[in-house]
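To begin, one chain is listed below as structure tokens, in the form predicted on its own.
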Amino acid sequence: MIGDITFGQYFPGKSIIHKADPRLKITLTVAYIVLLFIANNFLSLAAVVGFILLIMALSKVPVGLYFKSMKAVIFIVTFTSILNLFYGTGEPLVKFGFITITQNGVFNAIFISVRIVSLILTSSVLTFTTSPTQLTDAIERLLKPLSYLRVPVHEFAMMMTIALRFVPTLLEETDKIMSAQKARGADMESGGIIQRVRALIPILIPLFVSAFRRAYELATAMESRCYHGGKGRTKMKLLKFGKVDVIVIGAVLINLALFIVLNIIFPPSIVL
């Protein structure tokens, strides 16, 4: 299960999405997450989801990686969908005792599920096609206006990127510790909830020790290379908008126009 989590991993490639400016990708990721939540009917939602699927295809990242990124949230999606089945108004489709399922409830369940899945896929496209270094530079450039308010933008961007970069590393470390504990006879899959929580203690302690050790080694390495934050530092690769970014922006504007038309003309499909 832990080995299947792909959040935070970078998949090298030469696709049009890989070549796009990371600042543009971060901005569009946030924008499409907002569009997912303001879509009020299935047609406008389909316009957003269709564009996300197109971006996934253009990224040339193996589909299996996207499916792996969904494994960690399958339970959340299923649980949320089941809950929304019972929160709908209108004529009941199924009624069993106090349980009532309406057409509006079914629409709610489908709508919410598609939103959550699309949100995860959108975030996965960003992390799969953008290296940690590019993410750092892009976040720093996007937040640069805050530096005039004495906000440590560079340090903030560095911390976010390092945290994202070490997600796969810590997951791999957790998998190794669990395998080592199982080899010593630890039982982590049987018993009640309390027993399973207690079984995690031998995993959490060495995991925290390993995390602090890695943080100390990273801090030592940065100090030995005379790292003192972003003040006065230059960039080896400057971020510049190119033809690829113009093409992406043009496609986004067309999709945004279609979304606005569909979202205004057609009536809402759900009752929030």
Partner chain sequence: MNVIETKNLSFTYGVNTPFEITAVDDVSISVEEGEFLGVMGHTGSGKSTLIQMLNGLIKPTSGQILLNGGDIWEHPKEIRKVRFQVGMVFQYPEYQLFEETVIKDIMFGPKNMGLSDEEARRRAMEAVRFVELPEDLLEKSPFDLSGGEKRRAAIAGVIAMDPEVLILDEPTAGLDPRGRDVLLTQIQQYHKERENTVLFVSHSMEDIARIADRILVMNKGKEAMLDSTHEVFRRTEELKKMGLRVPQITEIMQKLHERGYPVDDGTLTMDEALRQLIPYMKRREENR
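Basically, rigid core = biggest C-alpha set you can superpose within 1.5 Å across the two forms. Just so it is clear, the structure is predicted and the values come from calculations on it, not from any experiment. Positions refer to the first chain, counted from 1.
The form predicted in complex with the partner chain is left out here; the points below concern that form.
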query = Does Lys240 reach the partner chain in the model of the complex, with heavy atoms at most 4.5 Å apart?
reply = no
inquiry  = Just checking whether Gln181 would be counted as a contact of the partner chain in the model of the complex - the rule being heavy atoms within 4.5 angstroms.
reply    = yes
key: 4.5 Å heavy atom contact, Val246 and the partner chain in the model of the complex   = no
message = So in the model of the complex, is the partner chain close enough to Gly185 to count as touching (4.5 Å, heavy atoms)?
response = yes
Full three-residue contact with the partner chain in the model of the complex, heavy atom 4.5 Å, for Pro22, Phe111 and Pro268 = no
ask   = Heavy atoms within 4.5 Å of the partner chain in the model of the complex: which stretch among 38-46, 51-59, 25-33, 201-209?
value = 201-209
query = Using a 4.5 Å cut-off on heavy atoms, which residues of 53-85 contact the partner chain in the model of the complex?
reply = Pro62, Leu65, Lys68
inquiry  = Superposed on the rigid core, does the Cα of Met178 end up 2 angstroms or more away between this form and the one not shown?
reply    = yes
